[in-house]
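Just the one chain here, laid out as structure tokens, in the form predicted alone.
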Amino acid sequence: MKKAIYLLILTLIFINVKAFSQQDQSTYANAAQKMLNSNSKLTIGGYGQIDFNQPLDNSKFSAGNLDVHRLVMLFGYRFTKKLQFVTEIEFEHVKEVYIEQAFINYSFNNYINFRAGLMLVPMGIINEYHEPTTFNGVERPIIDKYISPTTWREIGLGFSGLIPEISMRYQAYIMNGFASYNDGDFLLSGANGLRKGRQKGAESFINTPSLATKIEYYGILGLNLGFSTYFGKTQSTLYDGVDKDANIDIATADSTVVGVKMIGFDARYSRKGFGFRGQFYNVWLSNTVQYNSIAQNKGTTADLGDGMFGYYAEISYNVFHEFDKLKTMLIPFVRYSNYDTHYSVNANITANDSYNKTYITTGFSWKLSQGVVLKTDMQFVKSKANSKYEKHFNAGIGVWF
């Protein structure tokens, strides 16, 4: 299957190669970038989604779930022509409040911008482009929950920019990393992947920084290709208060630190009503034997593997594309996803087949305007441990302004 994904991406590179022209940079701009592109002194925006999720099971009753999943308010302020501030304030499930982004951006020119603050880790598609009108399906792709855990953001600084001569964007940041141990809690596991390790800039702690980079190529009309990397070690509070010559205590703290290497490839193609997007992640973890062992010694189970892998491929088509007078878009789609948080394991644990899951999602997105979408889909979910598909019906409303 991995070979099929590689071939599909390579095929797309050569689609419409004669249409080799620089596309409008607003085509794949997220909320923060659109605010940075504004010339207004004060810019206000927002996005949100309201979801309905209903498990379907012929043998038992199950209540559906209605949720104001998220409501995000965006504020941007331009201090000077070159210096700006952008922030996102997120309300989840009506009762939880988070800061999703809060950074300054100093633009030397189009080639180089300096950023510092709470920023999105530039990994994959959804972590940066997660506004509900920009993706199909009520819920975000599942691999962006456990492998690259959207919305993944940390405090850091670095540079971004455009190199229009070669149709390329780049980002490179030194950032805080995942937390693996915090006051008795082991945060990484086979069951939850890396998700619980996000610190989100909320009283986060740091022992060593991490490096996150991304380059994107947009030189073929309608096509955007991305390559992301992340390298670092996780953070642990077990070092706090340890004397620098206490070798045994230092060794114990070292056991709670996990090395993380991650790469991601992604592709988006949109042309004449047809749409494709796909991405995959590969994660290598180190020091997992020691991590699992100390977790067990402290009375818990981490079952963290040595590697994680995930991918998806999605095709869609706007059936109203040929009707110029219609200002709406009706987009049926189908997406195939797979992820495995026990893609490779060390000798001390056995791969858990229930962590290898496949999702088939198919449905419709009806865009009433560029800023409003109605969504519905069916999800079929199974693990390698169980060949029977579970079924879920989802519907929702998404807005972005």
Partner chain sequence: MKKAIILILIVSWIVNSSFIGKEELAYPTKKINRELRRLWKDESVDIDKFNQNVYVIANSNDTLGYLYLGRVNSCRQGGCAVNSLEENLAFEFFDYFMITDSDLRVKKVKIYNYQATHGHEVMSSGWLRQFKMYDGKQSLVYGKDIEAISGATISAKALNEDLKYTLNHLEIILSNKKTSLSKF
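Residue numbers count along the first chain shown, from 1. Note that the structure is a prediction, hence the values are computed from the model and not measured.
Omitted from view is the form predicted together with its partner chain, to which the following refers.
- With respect to its partner chain in the predicted complex, the three residues E88, K272 and W400 uniformly fall within 4.5 angstroms at the level of their nearest heavy atom.
- Residue contact with its partner chain in the predicted complex: L162 places a heavy atom within 4.5 Å of it.
- Taking the partner from elsewhere, H93 is found to have every heavy atom lying beyond 4.5 Å of its partner chain in the predicted complex.
- At the 4.5 Å threshold, heavy atoms of G371 reach its partner chain in the predicted complex.
- Although the partner is absent from this view, K82 contacts its partner chain in the predicted complex, with a non-hydrogen atom inside 4.5 angstroms.
- Heavy atoms within 4.5 Å of its partner chain in the predicted complex are found in one stretch of 101-109, 279-287, 238-246, 301-309, which is 101-109.
- For the options V138, L187, V257, L74, the residue carrying a heavy atom within 4.5 angstroms of its partner chain in the predicted complex is L74.
- Between its partner chain and the residues K233, K145, R198, R169, the one pair within 4.5 Å by heavy atoms in the predicted complex involves R169.
- If you take 312-330 and check each residue for a heavy atom within 4.5 Å of its partner chain in the predicted complex, you get F320, H321, F323, D324, L326, in sequence order.
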